[in-house]
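Just one chain follows, in the form predicted alone, and it is written as structure tokens.
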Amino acid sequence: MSKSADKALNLLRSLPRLCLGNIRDNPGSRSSRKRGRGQHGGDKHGAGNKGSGQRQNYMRLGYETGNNPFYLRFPNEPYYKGHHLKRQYPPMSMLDLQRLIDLNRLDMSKPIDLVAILNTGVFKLKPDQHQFGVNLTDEGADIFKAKINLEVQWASELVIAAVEKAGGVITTAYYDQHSLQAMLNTRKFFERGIPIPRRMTPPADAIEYYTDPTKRGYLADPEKISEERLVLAQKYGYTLPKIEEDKTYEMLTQRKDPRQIFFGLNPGWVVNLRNKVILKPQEEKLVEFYQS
């Protein structure tokens, strides 16, 4: 073996083994650190440090480009998709509604409102995120067959037609934030021992929707609703069932007072779950206040 080969072998024996701890970049392989865009060589790119200059106040705009069930607007209401102050209605399909009825999670023999839907534990509502109730979508409308008395917060024409074709009735109703908080967990609310609040009337930009008989608004004229039921049946080509001759007529025609939140319980009443009694206001001023 040559002397040069012996030198190389001796050199390798004396050198440390290659590992992650002794890997280094070749000299000159990295460029020097460039200064930021700040005036004096800073690294904040002109935005300042931490709170200084970091906050950006602007409205999140995005005009409607399609039918998004999470972001609905009332007639003549400005629409900004994603704006945190606009009313939102989480969707629930007619297919899910039919499934809950088939599984006995919802009782067809009683009116079905937002309280009944929330008690199933399937539908979640977050009033703190400006959600105001159920938007019943038309998925599964062609197979819907339940004859129910239904109250939701938003429904399309096809949804209304599907419910009425099956022999049921549907109402769209508004609930304010205080009412929704009481409806989220009724047992917890009643255990607080406070009077049931009045349901507030819809805001000005929602009055038109909830007084419209074609939308089956709860503030609409009942006679005009009856007329619109027939008009819708003729439009979609089905025979409108006569609920007057139905044995469940009394259940199908139950309606809440515009001030009511719960079926069978009036505003101002206090439900005592421990003693299983209901306390009602006696003073005329209180009675007048809760009924006004």
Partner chain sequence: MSVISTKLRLVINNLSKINLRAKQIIRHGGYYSSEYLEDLGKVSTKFEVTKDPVDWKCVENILPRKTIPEPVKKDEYPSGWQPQADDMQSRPYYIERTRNHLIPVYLDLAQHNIRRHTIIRRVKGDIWLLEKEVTEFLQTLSNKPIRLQVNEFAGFIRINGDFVNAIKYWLKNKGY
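The structure presented is a predicted model; accordingly, all values stated were derived computationally and were not measured. Numbering follows the first chain given and starts at 1.
Below, we refer to the form predicted together with the partner chain, which is not included among the displayed structures.
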Quick one: is Glu208 in contact with the partner chain in the model of the complex, heavy atoms, 4.5 Å cut-off? no
My question is simply whether Gln282 lines the interface with the partner chain in the model of the complex - judged by any non-hydrogen atom within 4.5 Å. yes
Is it the case that Ala233, even though its partner is missing from this view, gets within 4.5 Å of the partner chain in the model of the complex, heavy atoms only? no
Partner proximity in the model of the complex: Gly264 to the partner chain, non-hydrogen atom cutoff 4.5 Å: yes
Tell me the stretch among 104-112, 215-223, 200-208, 128-136 that has any heavy atom within 4.5 angstroms of the partner chain in the model of the complex. 104-112
Please identify the residue among Gln88, Thr186, Ser156, Ser93 with any heavy atom within 4.5 Å of the partner chain in the model of the complex. Thr186
What are the residues of 267-281, in order along the chain, with a heavy atom within 4.5 Å of the partner chain in the model of the complex? Trp269, Val271, Asn272, Leu273, Asn275, Lys276, Val277, Ile278, Leu279, Lys280, Pro281
